[in-house]
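A single chain, nothing else alongside it, follows as structure tokens in the form predicted alone.
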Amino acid sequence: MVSKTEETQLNRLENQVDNGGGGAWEYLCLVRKLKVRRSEKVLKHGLSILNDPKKRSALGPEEWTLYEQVAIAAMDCQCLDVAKDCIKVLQKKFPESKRVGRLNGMLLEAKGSWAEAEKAYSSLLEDNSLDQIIHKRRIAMAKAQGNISEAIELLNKYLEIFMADHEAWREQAELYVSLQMYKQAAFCYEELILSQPTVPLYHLAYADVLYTLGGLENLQTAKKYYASTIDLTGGKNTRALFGICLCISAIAQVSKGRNKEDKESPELQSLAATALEKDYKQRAANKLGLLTCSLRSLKN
């Protein structure tokens, strides 16, 4: 994730290059380092270097890295002829390279030649079945074609091999949610919380899924994870504060006619409501009345 300092540095350098102040290569290097996608700028400033023989030769071995970077940016911008030309140069330099083979597969994807791209990726996986990037490209292709079930199947196979890939677990969870497969999504978020217990986003997403599933046990657990989200964010997560109020209201409805121990104390809901009102007064005072009405309806 890009920090505010890094983003400021990148924006300052981008403005400098755009205004003719130089530093195009430094800008392109920073884009690569931060792993951000600013494809139009990369294409423009990358080509300005590649089309100048003097600037290009000054890069030394980094010239080939730039060809790859520009090829990917060109595909993002649908400048497929530029991407094709860059890949041709790389193929000539590295005729047996699997990395260049991946670029060819990506070019086929960009053209919408799904079957050919799948064939190219399958061939590369035969040579190296542990190539994470190619596995992810196949998953991305399935998503691009709207085949979510196949994307889930491919992700499951991927996670059998690369179980520590947090982003893959998160992607899988979001795909399950999109298909309303909430129990499977909950399992994914449990894996994420076990491996990264201090990331509030996972606690919050897990609580949302459990709340959606409903039922007394799920609601009580959801309330706990909304509370842990509040704890991990220093009490500043508005969604989690709402979640607490919603869970307690839902538990009260489900617990009608049950034992007293199943019912919730009103104190936690009151604390969450107070925190929400304070937050709205500071950031959205014009919506405070709407918030008050909403909280009141949860108590009825």
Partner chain sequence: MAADLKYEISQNAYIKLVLHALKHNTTAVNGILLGRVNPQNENVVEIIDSVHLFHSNLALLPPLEIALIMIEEHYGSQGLGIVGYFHANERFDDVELGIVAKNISDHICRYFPQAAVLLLDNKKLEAVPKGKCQSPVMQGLT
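Remember, it's a predicted structure, so these values are computed and weren't measured experimentally. We call the rigid core the largest set of C-alpha positions that still match within 1.5 Å between the two forms. Numbering follows the first chain given and starts at 1.
From this point on, the text means the form predicted in complex with the partner chain, which you will not see here.
Practice problem: Spell out, yes or no, whether the shortest heavy atom distance between Arg37 and the partner chain in the predicted complex is within 4.5 Å. | Solution: Taking the distances in the predicted complex, the answer for Arg37 is yes, it comes within 4.5 Å of the partner chain.
Practice problem: Determine whether any heavy atom of Leu80 comes within 4.5 Å of a heavy atom of the partner chain in the predicted complex, and answer yes or no. | Solution: Heavy-atom contact with the partner chain at 4.5 Å: absent for Leu80.
Self-check item: Proximity of Val209 to the partner chain in the predicted complex, heavy atoms at 4.5 Å
Solution: So Val209 counts as contacting the partner chain.
Quiz prompt | Exercise: Leu290 in contact with the partner chain in the predicted complex, heavy atom 4.5 Å | solution = Flag for Leu290 set to yes.
Exercise. Quick one: from Ser122, Ser149, Asn156, Ser178, grab the residue that has a heavy atom within 4.5 Å of the partner chain in the predicted complex.
Key: It is Ser178.
Practice problem: Go through 102-110, 82-90, 67-75, 180-188 and give me the stretch that gets within 4.5 Å of the partner chain in the predicted complex, heavy atoms only. | Solution: Going through the listed ranges, the match is 180-188.
Quiz item: Taking the partner chain in the predicted complex, which residues along 270-299 bring a heavy atom to within 4.5 Å of it?
Solution: Residues within 4.5 Å: Tyr280, Leu290, Leu291, Cys293, Ser294, Ser297, Leu298.
Quiz prompt | Did Arg37 shift 2 Å or more between the shown form and the other one, C-alpha, core superposed | solution = Superposed on the core, Arg37 moves its C-alpha 2 Å or more between the shown form and the other one.
Self-check item: Large Cα shift (2 Å or above) at Gln282 between the shown form and the other one, core-fitted
Solution: No, the C-alpha moves less than 2 Å.
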